[in-house]
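Only one chain comes next, encoded as structure tokens, the form predicted on its own.
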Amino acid sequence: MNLKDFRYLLAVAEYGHFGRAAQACGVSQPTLSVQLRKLEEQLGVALFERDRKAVVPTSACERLIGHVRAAVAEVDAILAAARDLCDPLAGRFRLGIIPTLAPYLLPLVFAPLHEALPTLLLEPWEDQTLTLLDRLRAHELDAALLATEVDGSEFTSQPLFDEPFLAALPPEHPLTAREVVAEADLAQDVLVLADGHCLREQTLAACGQSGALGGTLRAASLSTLLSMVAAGYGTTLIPGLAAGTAQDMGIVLRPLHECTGRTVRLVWRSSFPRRAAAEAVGQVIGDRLRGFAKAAAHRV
């Protein structure tokens, strides 16, 4: 058995399909199938149940796959450490980013990152905080841009910039008559994101809500939330970098009385061998965004 066989096993388990797994691994389907058959013979157990409709891991595979994933992660760590000895700022850098930040931040930092770190290949991955942390633990990401603090010694974090929240109001809402809006005044008709989004909890906390909102809409994305506000369905809080998008939709923005906001930080595993790459990425993003979010908020 070899490392490629383990990667084939993990790919089939992830995709549930030999063809898609082979494509992801960059090999032909017959090659992948033959190697997995050999691996099953070496291990003495069947790894997958195969039929025309699906490929399902067997109970034996379920018991072994954790060890396989750990072995692959260790080898990847060895390879990453070797690359770090050569040039930590070269090669791909898998960067997780939360959905309420990704569409507004990435267009601002892609060019500066490429200019400052031309040999670093940035690969963004958008997902919710807990999923990004799980992918960091599994060595599937190198770092992640989050808007919450991460406890414990397994991660290292680098604060990059502060981003204020703004009250987002329908054009005809009574609160548009105010120059500054108190967070608690939004509680009556505030709209929030679905569970799992850190912005949801931050909005509820700012507005003095416990988390139980009855039948209130819970949007899966900030763009949906903004569409509902623009249609007059309710109010919400938005991060400062989304101000331009909101205004383009006809939403009225107002600063908040308590100047509520969030700190965006870069997080990586404390054992990550390419710490220099993480710090360099954080430095570029921090330099580009420091003051930008606040300036965007002050323009409302």
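Start at 1 with the first residue shown and count on from there. Between two forms, the rigid core is defined as the largest C-alpha subset superposing within 1.5 Å. Since the model is a prediction, treat every value here as computed from it, not as a measurement.
One more form of this protein exists, namely the form predicted together with the DNA; it is left out here, but the text below deals with it.
Chemist: Mark residue 19 yes when one of its heavy atoms lies within 4.5 Å of a heavy atom of the DNA in the predicted complex, and no otherwise.
Modeler: Heavy-atom contact with the DNA at 4.5 Å: present for residue 19.
Chemist: According to a 4.5 angstroms non-hydrogen atom cut-off, is residue 35 in contact with the DNA in the predicted complex?
Modeler: Heavy-atom contact with the DNA at 4.5 Å: present for residue 35.
Chemist: Could you confirm whether residue 27 comes within 4.5 Å of the DNA in the predicted complex, counting heavy atoms only?
Modeler: The answer is yes: residue 27 has a heavy atom within 4.5 Å of the DNA.
Chemist: Is residue 59 close enough to touch the DNA in the predicted complex, meaning at least one heavy atom pair within 4.5 Å?
Modeler: No, residue 59 stays farther than 4.5 Å from the DNA in the predicted complex.
Chemist: Just one of 246 to 254, 228 to 236, 35 to 43, 266 to 274 has heavy atoms within 4.5 Å of the DNA in the predicted complex; which?
Modeler: In short, 35 to 43.
Chemist: Checking residue 277 here: with the core superposed, does its CA move 2 Å or more between this form and the one not shown?
Modeler: Result for residue 277: no, shift under 2 Å.
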